[in-house]
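Given next, in structure tokens, is a single chain: the form predicted on its own.
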């Protein structure tokens, strides 16, 4: 039997969580409603969380906008390359660092080498000069190579691997497997929750990053999607590119606000669709991988 105080706590807690949920959902619903509303209704301030004069003209404009589609493809390429590179290098770094000092004598030195990069950064100008002098300026590699090894992700994977019984590794060695075979057949399947968690971190980081695209890309057609959307805040989205005849005809039905709302929602849609598949691993991978030093 629940006490009155505990029931009161549950009611208050549920009410506060409901308010927090509404506060988080309102901006998303507002953007979605604006994207489906008419130009006149949005200009008159009649739209809140429900579309007024429902129309798909904004999405017609978005999917006929060459600049938006080009930047969307650049972001897809960046995510595929960036997440792949992050995961491979993070696992290769985390595996040896998960060993005890007697098994890997230089473990402490290498661990501090990577942690140092989390505490101290060279800054914007040295980073820009490195990208420029290595010849990857204005290419997709400028977006994925500077952050190829996310140290925070390495620490999560490393600590998760350290929670695994050492007997598994010893049994694998007794069966004749080497380190790479042990990593592939023993450690990776067991660290799936941690790998899914850091993969989600990398995916969101690459998809939402805009500043590096702004400083490393010289041509707008090389902008990733987040950089393109950021540029809409500084310039008139209707005048950024040479419009086709079909786009020019749509201008009488579409405003800056409705077009931007549609673009923002389309850009957020991939993350909203992917996140539920990682949710089952997220909490376990993050918590278990962070409790052992």
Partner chain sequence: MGTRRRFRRMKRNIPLHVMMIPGIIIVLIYCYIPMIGNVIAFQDFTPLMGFAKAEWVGLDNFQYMMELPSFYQVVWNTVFISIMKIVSGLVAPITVALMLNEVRKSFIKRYVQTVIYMPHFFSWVILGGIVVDILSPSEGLINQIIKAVGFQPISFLSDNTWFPYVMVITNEWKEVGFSTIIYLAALTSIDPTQYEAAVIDGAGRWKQTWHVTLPGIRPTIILLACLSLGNVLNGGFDQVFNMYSPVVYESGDILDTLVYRIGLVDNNYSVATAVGLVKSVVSLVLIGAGYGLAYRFAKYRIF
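In this text, all values refer to a predicted model and were calculated from it rather than measured experimentally. Numbering follows the first chain given and starts at 1.
The same protein also has a form predicted in complex with its partner chain, omitted here; what follows describes it.
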Legend entry - Heavy atom within 4.5 Å of its partner chain in the predicted bound form - the one residue of 76, 111, 140, 190 that qualifies: 111
Inset, instruction - Could you check which residue among 186, 196, 149, 80 gets a heavy atom within 4.5 Å of its partner chain in the predicted bound form? - result: 149
Legend entry - Triplet 24, 93 and 204 all within 4.5 Å of its partner chain in the predicted bound form via a heavy atom: yes
Legend entry - its partner chain contact in the predicted bound form: residue 157, any heavy atom under 4.5 Å: no
Inset, instruction - Answer for residue 168 alone: is it within 4.5 Å of its partner chain in the predicted bound form, judged on heavy atom distances? - result: no
Inset, instruction - Answer with yes or no whether residue 103 is in contact with its partner chain in the predicted bound form, where contact means some heavy atom within 4.5 Å. - result: yes
Inset, instruction - Considering only heavy atoms, tell me if residue 30 and its partner chain come within 4.5 Å of each other in the predicted bound form. - result: yes
Inset, instruction - Sequence order please: the residues of 180-218 with a heavy atom within 4.5 Å of its partner chain in the predicted bound form. - result: 180, 183, 201, 204, 208, 210, 211, 214, 215
